[in-house]
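What follows is a single chain, given as structure tokens, in the form predicted alone.
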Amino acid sequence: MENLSGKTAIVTGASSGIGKSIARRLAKEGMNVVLAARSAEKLADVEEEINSGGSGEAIAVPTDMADQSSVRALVQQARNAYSAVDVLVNNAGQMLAGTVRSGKTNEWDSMIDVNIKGVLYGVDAVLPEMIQRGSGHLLNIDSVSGHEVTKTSTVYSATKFAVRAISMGLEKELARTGVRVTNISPGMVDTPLMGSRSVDRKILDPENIADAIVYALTQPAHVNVNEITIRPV
């Protein structure tokens, strides 16, 4: 099993929900965690919590994943603090108007910019160094909406199908480079993205997704876990 202690991970969307849980869990594994999100105030709270926990450490870098220059600055700050980026967790995402009939083109643009371009910008910023080093791990948080489409999820599902396609293509592009790629597709998770929707069963906790991240990261170096789908029972 791979030892994560002392390695460095960037976690996007780390101010709440799944991203926050992933960041806390990776820090418990002894990793240095670079926290990225737009909310500086929320990031500072997560940073303080992790740094008072006594395991790995964290730095907060307010970042707009839809802005390539902001993403590049994030990665540069991570390198300045910890020399190299070993892991990128592309978790930042938006779930807005999902139907085409809604005509909410501004919301579609926002989802495309964050959910698709944000993933590509993050990968582009860290990948050359990973390939040169011959090691690294890219983890894209997708969704079961990237496998299935409902009548209210058309546009959101399209962005998540794209994330899944990016993950599948990267796995093939990066074969034999030492850089691993994992696509993780959660079902319904108890996060702010859920809003006020009511459900009639126990749904996933953010920590369940963090467990999957650690599982993928700690496999032997020659093992690439390409796809994990997590659904509530």
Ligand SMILES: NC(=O)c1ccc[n+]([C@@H]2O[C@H](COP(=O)([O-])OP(=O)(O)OC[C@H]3O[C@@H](n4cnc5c(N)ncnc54)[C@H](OP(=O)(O)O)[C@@H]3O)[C@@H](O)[C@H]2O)c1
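Numbering starts at 1 and runs along the sequence shown. Just so you know, these numbers come straight off a predicted model, no measurement behind them.
Only in words, not in the display: the form predicted in complex with the named molecule, which the text now covers.
Per the 4.5 Å heavy atom criterion, the named molecule in the predicted bound form is contacted by stretch 180 to 188, the sole one of 23 to 31, 180 to 188, 164 to 172, 50 to 58. None of the heavy atoms of S157 is located within 4.5 Å of the named molecule in the predicted bound form. The named molecule in the predicted bound form is not approached by L138, whose heavy atoms all lie more than 4.5 angstroms from it. Shown alone here, N208 lies farther than 4.5 Å from the named molecule in the predicted bound form, counting heavy atoms only. At the 4.5 Å threshold, heavy atoms of V114 reach the named molecule in the predicted bound form.
Residues from 58 to 72 that approach the named molecule in the predicted bound form with a non-hydrogen atom closer than or equal to 4.5 Å are T63, D64, M65, A66, in the order they occur in the chain.
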